[in-house]
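First, one chain by itself in structure tokens, the form predicted on its own.
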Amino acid sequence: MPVNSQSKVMTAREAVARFVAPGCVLGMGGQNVGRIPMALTHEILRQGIGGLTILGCNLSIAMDLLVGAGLVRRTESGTGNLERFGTTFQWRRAIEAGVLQHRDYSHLAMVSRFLAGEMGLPFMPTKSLLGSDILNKHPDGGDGYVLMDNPWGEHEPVALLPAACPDVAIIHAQRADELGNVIIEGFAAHDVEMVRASRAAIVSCEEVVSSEETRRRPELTAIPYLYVSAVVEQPFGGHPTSVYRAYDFDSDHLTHYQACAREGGQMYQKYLERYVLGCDGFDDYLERIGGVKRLHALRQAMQGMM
């Protein structure tokens, strides 16, 4: 594919070095065990970029890896888990030990915060949290929300949520073109609102296609190029999570990761060294988890469900 002077295509190493800075606010896309930006997360780990604040709806294995490596100081999210594979153990342990700050929101509240950021508003009103234990836990609101009455209603409370505007967002998608037009198939989660609200965005994808192709089917573009800072082509860049129409999640590897994360200590550090820090890049990681044979099986499993 010819790359023109406007191309945003670069390697994961280049993109992370350029747009992810120590102490930044990092928005993470994907949901549970679907379309998590694993290749970009591995690169942040290898570059040792720390002091991060991570925002998302359901922060999953990518967040847990960064927390386990000691690179995160604060998280704000609806939850942190890997669906049937259990909670994010490194995250939970760090919160319980008091070494990680966390602010609870509902999933809808987090999307509303990104929506406010996307629209250039300082806050977004919602009724999502009213009557919930999230508000009861912080009755004074603090920096998380403000309660007020609807000025056009009688005793009708609403919660005002602060806009969420990450310094940089990272997501993984099925396709993007060299200019940064992004095609997301299946669920979009909070990715679209989050990217639009962010100051910069790195998109890894299964395949970089030509801008001629995206122009032929403009209705498929979920995120237009003007919101995207870098495009990284990385097949299987969401592994061990799934990518709709591309491959299923890797149950064996997720189970192995969870065992290491729950045990912690030396066992967890060995996982980081073998599968992330000791790898030359994400392709090296893919070889270590089973290579072509394993990846083909995951692709076949997805095709069998369609």
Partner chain sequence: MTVDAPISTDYTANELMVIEASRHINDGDMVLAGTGMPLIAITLAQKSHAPHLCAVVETGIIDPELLPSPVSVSDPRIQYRAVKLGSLRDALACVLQRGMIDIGMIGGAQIDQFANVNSTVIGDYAAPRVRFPGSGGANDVASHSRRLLIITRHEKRRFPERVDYITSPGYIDGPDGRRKAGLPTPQQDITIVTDLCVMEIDKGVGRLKVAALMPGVTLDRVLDNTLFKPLVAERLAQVEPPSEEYIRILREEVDPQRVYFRGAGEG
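Numbering follows the first chain given and starts at 1. Please read these numbers as outputs of a predicted model, since none were measured by experiment. Rigid core here is just the name for the largest C-alpha set that superposes within 1.5 Å across the two forms.
There is another form of the same protein, the form predicted in complex with its partner chain; it is not shown, and what comes next is about it.
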With its partner chain left out here, work out from 93 to 101, 164 to 172, 221 to 229, 203 to 211 which stretch has heavy atoms within 4.5 Å of it in the predicted bound form. 93 to 101
Only one of 74, 199, 127, 215 gets a heavy atom within 4.5 Å of its partner chain in the predicted bound form. Which one? 127
Is residue 257 close to its partner chain in the predicted bound form, meaning a heavy atom pair under 4.5 Å apart or at it? no
Its partner chain contact in the predicted bound form: residue 123, any heavy atom under 4.5 Å: no
Please check if residue 182 has a heavy atom lying within 4.5 Å of any heavy atom of its partner chain in the predicted bound form. no
Check residue 244 for me: does it contact its partner chain in the predicted bound form (non-hydrogen atoms, 4.5 angstroms)? yes
What residues of 73 to 89, in sequence order, lie within 4.5 Å of its partner chain in the predicted bound form by heavy atom? 78, 79, 80, 81, 83, 84, 85, 87
Look at residue 155 and decide if its Cα position differs by 2 Å or more between the shown form and the other one after superposing on the rigid core. yes
